[in-house]
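One chain follows as C-alpha cells, the form predicted on its own.
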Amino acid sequence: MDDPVLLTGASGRVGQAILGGIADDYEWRLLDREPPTGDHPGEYVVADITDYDEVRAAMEGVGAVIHLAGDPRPEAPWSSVLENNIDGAKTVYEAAVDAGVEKFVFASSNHAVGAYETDERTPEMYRDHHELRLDGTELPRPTNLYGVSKATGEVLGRYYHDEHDLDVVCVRIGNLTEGHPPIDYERGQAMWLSYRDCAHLFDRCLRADYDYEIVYGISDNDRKYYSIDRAKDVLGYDPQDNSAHFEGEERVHGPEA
C-alpha cells in the first residue's frame, strides 16, 4: 500500500503492539487526542475523533484506516461510550467514506460476545477439550456497555460497507499481553493475543482483499473458544504463538481489549 495508513488511538496498547511489529512497513499518520510522549513513525495528528472536521482533515490522502480510539474501560459509563466509542466511530467511518478510503479496520472486542460465557459453559469452555467455537457469524451478546459500543461499531461497519462500498474488517480482540499470557486465568489464556500475532493480524487486515468480515484476534492457543479459521482463510493470518507453550512459567494478568 503506497498511501498512508491512518491509525487512531495510536498511543494505546493495541496501537503500540501494531507499531512495534510493522512500523517500518507502511507510511503512517498517527492520530490521538494527546501529543506524543516519545519517538513515533510518520506524521502525528492531535485530534478528537468526535470532531468531524479534524478527523476529515487527518483522513486526506489516506488509503486505509485502523480505528482503535475510544474509551477502553469495560466499566465505562454510557455517556462516555456513546460519545467516544459510538459517535466517535461513526465520525471516523463517515470521514473515511467522504475521503474515498478503501479499507477500514475496526478494533472490536471480546466484550461484544462475552455473554456467551454462561455459568453452564464456564470454566469448561476455556479448556482445550471443549468444542464450542464462536466464529464471527453469531449475534453479539455484550456483557457491558463497552461491549455494546463495540457491537455497534461492527453494525456501523456493516452499514458503511453496504451503503458506501467501504471494505470493513472488524477484529474482536482477545487478551493482549506482551511477552507471555496470564497465569492462573484460564479465560485469558484461551483468548490470549501476543504482541507479535497482533501486529501480524493487523498487517494482514491491511494487505488482504475482503468485503465485510468479523474475525477473532487471538493467537493459535490450544485453549480457545474463538475460531480463527476465518482470519486464516480470508486474511491469510498465520499466528506464531500459543499460550500453552508458556505453561509452568511465571505470568501475570493482562488487560483485555
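Just so it is clear, the structure is predicted and the values come from calculations on it, not from any experiment. Residue positions are given as counts along the sequence shown, with the first one as 1.
Beyond what is shown, the protein has a form predicted in complex with another copy of the chain; the following relates to that form.
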### Query
Only one of 98 to 106, 120 to 128, 134 to 142, 181 to 189 gets a heavy atom within 4.5 Å of another copy of the chain in the predicted bound form; which is it?
134 to 142
### Query
Using heavy atoms and a 4.5 Å limit, would one call residue 152 a contact residue for another copy of the chain in the predicted bound form?
yes
### Query
Should residue 86 be counted as a contact of another copy of the chain in the predicted bound form, where contact means heavy atoms within 4.5 Å?
yes
### Task
Look up in the predicted bound form whether residue 163 has a non-hydrogen atom within 4.5 angstroms of another copy of the chain, and give yes or no.
yes
### Query
in the predicted bound form, does residue 214 have a heavy atom within 4.5 Å of another copy of the chain?
yes
### Query
Would another copy of the chain be touched by all three of 82, 90 and 156 in the predicted bound form, meaning a heavy atom each within 4.5 Å?
yes
